[in-house]
Each structure stands twice: as C-alpha cells, then as structure tokens.
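First come two forms of one protein chain, each written alone as structure tokens, so that there is a structure 1 and a structure 2.
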Structure 1
C-alpha cells in the first residue's frame, strides 16, 4: 500500500472528484479490532481505496479462515496495490459498489467517498436500483456516503457488525432522518465516536467526521458516546467498546430531531441556560435571494450607468459576504461601498418594457443565464423572489466566530447571508437579539446546531438557527434599552469591546 506515492502523484482535484480521503492506520486499527470480535468470515469493504482496513485486519492474525470482498471504482488507485492485490483472502472488484447486487456479509467496514450526490454522474441509473434493493425512496440525499451506509446496512447478516466513517453533518440533515430511524428502530446503532480536533487525526478530511459502530443483534442496548481528542488517546485504546464517556437510550435520540445538539450537550461544557426558548418564538431566519446567476443579477454603479438601467429596475443588495466588514451596517457604510463601485445593487425588474432592461435581458439570454438550473424554472426567468431588508443578517459559512450583522440599511441580501424577520413578539427585541447573538454565550449555543465541514468551517441553514435557543421574553425584558443602545454605539467603533459588554449583560440576565 503506497499511500504517500499515490498522494504525491495524484492531484487534489482528482482525489476530490472521487471523494477520496484516507483513513489513518490508528483509526482503521480500532475499527478493525471491534469489527472482528465476533469472528466474521465474510467481510465487505465497499470503498477499498488503498486497503488500510484489510491491512489492519491482517495484522490481527486471525486464527480462522476469513475473506474480504472489496469494491473500488477508481482504476488508478488500484495500480498502487501491488503489495496486497494477489492475496488469497482478498477479492477486489473494480466497479461501483452502489451499482452492485445485494450480497450478505458478517462484517462491513468502510470509509465511503465524500462526494456531493449531484456530482455523482451515474446517480440516475443507480438510484432506482438501490431503491428497489432496499425498498425505500432516496429523495433529497446530498452525500454519497449516506447512500453507502443505507445499502451496507441492508447487507448485514444477523449478529453482523458494521463500522462506518461518516460526515458528522448527517446527524442534522433532513435526509439523515430515515437513516437514523433505521438505526434506532432496528436497534443497530451501538456506539458513536466523535473527534474533538479532526484535523490532527484526519489531516485530509474536508468535513467533520464521526464513526458509527453498528451490530445487527436485535438487542435493545444503550448507545455509547465516545469523544476522542488526540491521536495518542486513540493509541491508548485497547477496546473501543469499553471506551466511552456517556450512554443514551434509543428514546433519547429521536430520529426526527437533530442529533448534534443532543450529542454535543453531553460532551461539551456548554449547556443551555434555564428558561431559554427557541429563537423561532421571536421570528424566522430565511435564506437570502437565490438568483441562480449572481454574476448577471449583481451590479455596481458604473455598470448601471453604462447600461442606462433605471433606478426603478434595481435595488440595494448585499451580494457578497465580504462586503460587510463590521457588525454594524449603516447607510454610511453602504454609501462608501457605492462610491467604491462594489456590486451593491441587484437587478429587480419592475418595468420589463424598458428598452435598456430589454437589451440587458437579451444579453443575459445570449450568454445562457436563462437556462441555468434556477432561472429556467422561473417564469419569467429573471423574476426574483421578494424580500424585505432583514434587520439582522447571519453568515451562512463561518470560521471561528459567527458573523452576525445589525443591518440598519434598506439593502436586501443574496444567499451569502440568512436574514432574520421578526414577528410581533420579536419586533421590539431586534437589538437585544443582536446583542445576544454576538455574545460568546450566544455564539456557543448557536454553534450547537451547526453543520461542520472540517477545517473549522461551519455552515448554518435557516432552520438550524430557528431551532437554536435564546433568552425568553422575561429575561430579555430585564435588559434596559439604555444598556443596549450603549453596546450598539460601542460596536460601531470597537466590536471586541462590544462583545465583552454583551457577555456581561447576558451573564447578568441568566444570573437574575
């Protein structure tokens, strides 16, 4: 197995196309040791790669006859397997596992490809076959790794074991509900292993990951939760089944709820303070406007003047996240962006018979903007959904601190931000909500609903934010408006100081 040779001779883009990242041998070792405790004879690896799991099982020197069947779609990677390709107890099939027939195994071990389902070219042919095999509809799945897991669970013999590496985000996704339902109702899930610093342990990973350990023994057992912080910690583990920090009953992991907050509440020092309520009680976060062609709809002042487009057919709009640098966004900052000729406008056609607009739309059609995925589904293709300016903006992608903006302008926003739209209860709490969201406590509680993509990149969907927790009405009402005004005033010139002031204010209302 020549991993270093393969990595040095294969471009990152090629590996990304196949969704490849490699399992460190110390991780593969604890998975392999757990897998073979029941002495399985027929073992499956659906995504063989460079064969690290086979190698680790071989190291254990099993005193019985066993055989591993492997699938690997990438012919190039197989050329690096000259050290193990001729083994008698190994059969490597150079084909797509998802397109294979159903066979049954005593043990399955896998690090599946991390590939967006939309990039899976053969999906339209493969999906119907898998749906027929497993008897379920696969709608809305966004990552091939989850499809690998669904199929593998169907191929597990009675008392068989399965060890799978998966993106941690699947615990929070809509498509994960059916998987979680299967894991819980059939009592398959036995242990979840999460990693505190996956970049140290999985340097190639592009997402935050976890390991699922499952067993098809029909026994209703508590689910063990393990958190691993360092590679040395892994080396010291002799038996992963005995190494855990918490236990949850099946009922404590409802399949129709996000599991990340539940799991992180066990292993994280941060707890939700007493009395806190769902943020959705005060309003709703909504995604920004999805144009389907930002490079066509986003405009700057000079281009508007060049095209002679009327002010009636454009509106002020935050088209990129990095246009806003500070936590307070006012008309002064907006005017500065306009003077800098930034793309701070959006085409908003109200008078389609305007000659200048007709010419610009015709230019867009010549360049094929009207045939893109979103635009071709609209009638007319250039008609955007309506949005009011949101008083609070929240960055979709974040590293470290979450980007929260108090928007005092009339600018709407593209999908780089989610916008908060208050209801009757929340209308008078906008500034207090903002103060909470920039506080350290608010940020940590909101992060409990994040979707992690590795390398400290966190993503939030509107429902992730809406289901987050914040102070209740009584707690918010204990804050004086003068205190809020002072913090917002400070935030315009010194954001760090404003955060410290917010921390103290939120701490005070919790203590009250």
Structure 2
C-alpha cells in the first residue's frame, strides 16, 4: 500500500502519537546507497514504518545475500505492508525497539520517531533496561529519537555504517552533549547533511532535520558538511560521500558547544563579523509570564469594569503577540488597544481580600482553572511570576522577519514574547541593541540560533537569543545617540525605512 493511502486513512493525532513521519524515497535512497557501500549482510531498521529504507536497499539489487531486521511498535501500520511483509530477507518484529535486546549489525538505517519522552508510553519499563545495556544514565533525554541513536550506535559492528535522521536541534541540547562526545571521541561521525528548503524536501516534517552518517572504523577523518537546497540536487547526487561543502576537524566540533551555530556559520552566507560578542554580555532575554490559563488571566477593560475588579488587582500586559503590530510600542498604541477593548490587562492579585477579586477567583475555580497543569503547581494557584516591563520584546514564533519591539510602556508580557532585561552594561545600549536587532544583519545572525518548526516558522528560546552575537561595546559606542534617536523616530511611522537606516548604521560600525 502506498504511503499516501496510509496517510489519508490515519488521523494526524494517531501518527503524532507514534512519531510517524515518513522519509521521502529520494532521501532514503541516498542514505541506502551510502549504507551498503561496505557490503553489509546484517542490516537493522529500528523504526520501520512503511519500510522506505528496505525498499530503497532492494532497488539497489545487491549481488550478495543480505538481511534486514526491522522493529515497528505499531501493529496497525504493519497491516499496510502486504507488498513486502513476506520477503525472505526481511524480518519485521512488531516490538518496541527500545525494549529489544542488544544484537549487532553491519549497517543501521533509521528515521526514529520524534517523540517527547514524556509521551512515550513505555518509558518507565524501558529506561532501566537501556541504561543497563549502554552503561549510561539517561537523565534529561527529552526526545526518544536521541535514545534510538544511542542504542543503535551500541549495536554497530566494526566497520559498520549508520545513517540516521535526527532533529537538527539535537545538536544544541544539553542531553545531546554525551552523544556528541561519543560521536567525536570515537571518530564515528563522518558526515552531516542539512537541508535548506526543508518543506520542499520533507513536506511531512514538523522540525528541522538533518542526516548523520557514521562509520565504526576508528579512523580519524574530517567530518564533512553537506547542505542540500533542492529536491533536484538530491536526485543528481550519485555518491553522497563525495558531495560536501565543508570539512571540519573533530576539534572544530566540541561536544560541549552548540553545533548548529558552528555548522550554520559555515554554510550560511552570513558570517559573524569580527569583534562581535554574545548578547548575554548586555543582559538576558527571559520568557514572558506563563499563566497556565490565559483565558482566565487576560482581561479587557469592559470585563474589569463588569467584574468591578480594582486597579490594584490588575496590571498592564501584552497577552497576545498580535496585539502589537509595529516595531515601536508606546503609550499611544497602548491607549488605543485599551479603547478597542483588547485584552491588555492581566489579573495580578495583590489585595486578595477584595470581594470582587474573591468572586472572580471563585468563578475560576468553578471552571477548573485552578486544576490546570501550571496553576495546580502554584500556591496560591493564581499567583503569577514577577516580571518587570521589558524594554525590548522578541516574538517567540516568527515567520520570515523576526518580530522585535521597542517597548516604551509599562506593560509586562505573556509567553508570546521573550523580554530583554539589560544589566548595567546594557542599560545605555537598549536603543542601539534594538536597532541592531531590526537590521538585516542582526536578523540573519540571530536566525543562526533558530529552531525551525517547518513551514518557515521559527521558534526561539530565551537562551537561543542570549547566545546570539551582536556588536561589542566599542562598536556600539561608535554610534552617535543622535543617529539612534533619528531611526527610532522614523520607525514609528515607516518601519521599512528604519530598517534600511539601521542596515547602514550597522554596516558602518562593522567596516570601521
């Protein structure tokens, strides 16, 4: 049965529960061709799905006996495999791969399920077993794809090859450090393939992905970096080992550093200009207030009046990303939102003995808001985190240009924005930082730390922003305050023009 039939017969939530996203056959083909170069006899696919890797290996028509062992946890998907299920060189085990015993293979090929570990049903049973098998504690491993990789690496024979699809973000995570250490110190990692126009190549993927090619040959070889831009480009690749754009030594990929900025700085046209420093030198981005029940905590003027909640028990707050449309947010814009009766307030209980607020909280409890995941963990359930108004706001999710706001109001913000909180050094640089962040160069450099959600949607965690690069103090000091004032003024009426002016200013300080 064809993949499209399976997809149309199966709900997206079912597929999500099992992490069922399929590898396009052209991608599976380059992985399979590379995998079989050492003539492996025993091959493993730990997450079989509809068997795209088996099919691609079969197409190569190997002139020797080989056998593929496959694991697939979902019985339902296996019922769609009439065309290959009784092949002699294929043994599909309807089992949890993570619960399987350790056997050894000459080649392993896999697109593992990307599932948060909390979602993985069998986690309590399998963890101790895998930890024993690999001799390591798996604390903090939040995605089971990485556990598939750890286990598979353990099962690779000498000179065995492994081709694995993984979320690109894995290279930046804390738990990824240990795997990166193994990949580098044991000289397993040979090539990393990343994709530019991801949605075209992997229409199905919900996260930025990459392919790792590993070989257990103990040879100290450079690591090749390949960036693929189009589907046509993949079709034209005859041998992926010879198709790469950069080579890195092992020491250029330290396991305790994030790899995506290192790799992206190689393959993206944008380089980090000389002298730039980490943005964290000037302060920190923090996520906004997580209420756990925005529809209860976010309020508008008429609701406050109707409930007769006193001013003391509310505060000004940006409760939704789209409330702010322009790069400069002043009291004028805020006033307008209040007039339009938008949810621009947040319940902030300071006087809990106020009768009106007691009534509203009661209403919330009746509706079960106090029993939500976050609210349940707070004492009292309606007490929110403390946050000062942030002078720069940064959109958590962005499509295309990154949303950067210079906030001149006293409004705090929910989690739709990350807020920048300057330290002593950053205090006088807020406007300059803002100008940098809206400039094309600033945007490109910040994007090097993005987490793609596919479909051009990029997500940023506060630490992605804090680790981004920006001009150093000397470079910032060379900008005149007057120039900055001018750009901010222009930005209130013509954002595009302000961006052009910022571009020029940033270009000047780099060239100086």
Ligand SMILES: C[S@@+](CC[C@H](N)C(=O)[O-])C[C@H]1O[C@@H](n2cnc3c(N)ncnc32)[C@H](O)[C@@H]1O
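The structure displayed is predicted, hence computed values, not measured ones. Residue numbers count along the first chain shown, from 1. Between two forms, the rigid core is defined as the largest C-alpha subset superposing within 1.5 Å.
S.K.: Which structure would you label as the form predicted together with the named molecule, 1 or 2?
M.R.: The chain shown as structure 2 is the form predicted together with the named molecule.
S.K.: I want to check residue 99: does it shift between structures 1 and 2 by 2 Å or more at the Cα, with the core superposed?
M.R.: Yes, because once the rigid core is superposed, the C-alpha of residue 99 moves 2 Å or more between structures 1 and 2.
S.K.: Examine residue 185 after superposing the rigid core and state whether its CA is displaced by 2 Å or more between structures 1 and 2.
M.R.: True for residue 185: a C-alpha shift of 2 Å or more.
S.K.: Core superposed first: is there a CA shift of 2 Å or greater at residue 148 between structures 1 and 2?
M.R.: Yes, its C-alpha moves 2 Å or more.
S.K.: Looking at residue 76, what is the CA displacement between structures 1 and 2 after core superposition, in angstrom?
M.R.: Taking the core as reference, the C-alpha of residue 76 is shifted 4.2 Å.
S.K.: Looking at residue 9, what is the CA displacement between structures 1 and 2 after core superposition, in angstrom?
M.R.: C-alpha shift for residue 9: 3.9 Å.
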